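We begin with a single chain expressed as structure tokens, specifically the form predicted on its own.
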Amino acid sequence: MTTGVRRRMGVEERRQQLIGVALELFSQRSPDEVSIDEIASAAGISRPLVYHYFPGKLSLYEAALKRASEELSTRFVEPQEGPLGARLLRVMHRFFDFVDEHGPGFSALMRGGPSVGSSRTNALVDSVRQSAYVQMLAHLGIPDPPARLELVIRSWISLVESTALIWLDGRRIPRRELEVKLVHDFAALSAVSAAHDDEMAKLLRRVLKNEPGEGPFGDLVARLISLAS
């Protein structure tokens, strides 16, 4: 007859387990509503043991946000092949997968949660935005962007973020519709900028040259023509 023996975790393994447990709980409820007791219970350890690995809830919260920010940043990574519109649509689909699966945690990351104003939390949010910005430049093939292009990309990233936060509050608009709309929004922001600047106009022509009529950008053009007729 044998008896089961619980394996003793190493320090880093236990820390990673607690971070994973916290993220799972934060995906269901706001971090403000999750107690250390709940995290300890879900991890199968005592409350004092949680404090052995993390000084307090805030440090665990920040560690969980760090992992979430790293995962969220990967959602913007996409092979730089094929039409830009189709690539952005795939990126938006993966981005909203994360938002859909980790709603409260995503809100906490972008709004600050229990550590609002914390320099660490602000740095994490900035790292996600910067990662998205760098990926967009890579897709456009422009390592040193002009000022107007930087404005377009950073404005669009802010729009993506705010759209996701608003969508989480009731999910009143179909997710698929928002994913397409945000790709259209990037094209529209670029077009407005191109109307005022020759360098942006040249860039937009290059992008549109490789876009199929049935792609997201072609769909937007067709919709605008329909509105004007």
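Just so you know, these numbers come straight off a predicted model, no measurement behind them. In case it trips you up, residue 1 is the first one in the sequence shown, and so on.
Below, we turn to the form predicted together with a further copy of the same chain, even though it does not appear here.
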- For Arg148, is any heavy atom within 4.5 Å of a further copy of the same chain in the predicted bound form, or not? yes
- Can any non-hydrogen atom of Pro174 be found within 4.5 angstroms of a further copy of the same chain in the predicted bound form? yes
- Query: Could you tell me if Leu203 has a non-hydrogen atom within 4.5 Å of a further copy of the same chain in the predicted bound form?
  - Reply: no
- Item | Partner contact for Leu220 in the predicted bound form: a further copy of the same chain, 4.5 angstroms, heavy atom | yes
- Task: Please state whether all three residues Ile166, His184 and Leu224 have a non-hydrogen atom within 4.5 angstroms of a further copy of the same chain in the predicted bound form.
- Result: yes
- Query: Among Ala68, Leu60, Ala194, Val50, which has any heavy atom within 4.5 Å of a further copy of the same chain in the predicted bound form?
  - Reply: Ala194
- Message: Only one of 135 to 143, 76 to 84, 153 to 161, 99 to 107 has heavy atoms within 4.5 Å of a further copy of the same chain in the predicted bound form; I'd like to know which.
- Response: 153 to 161
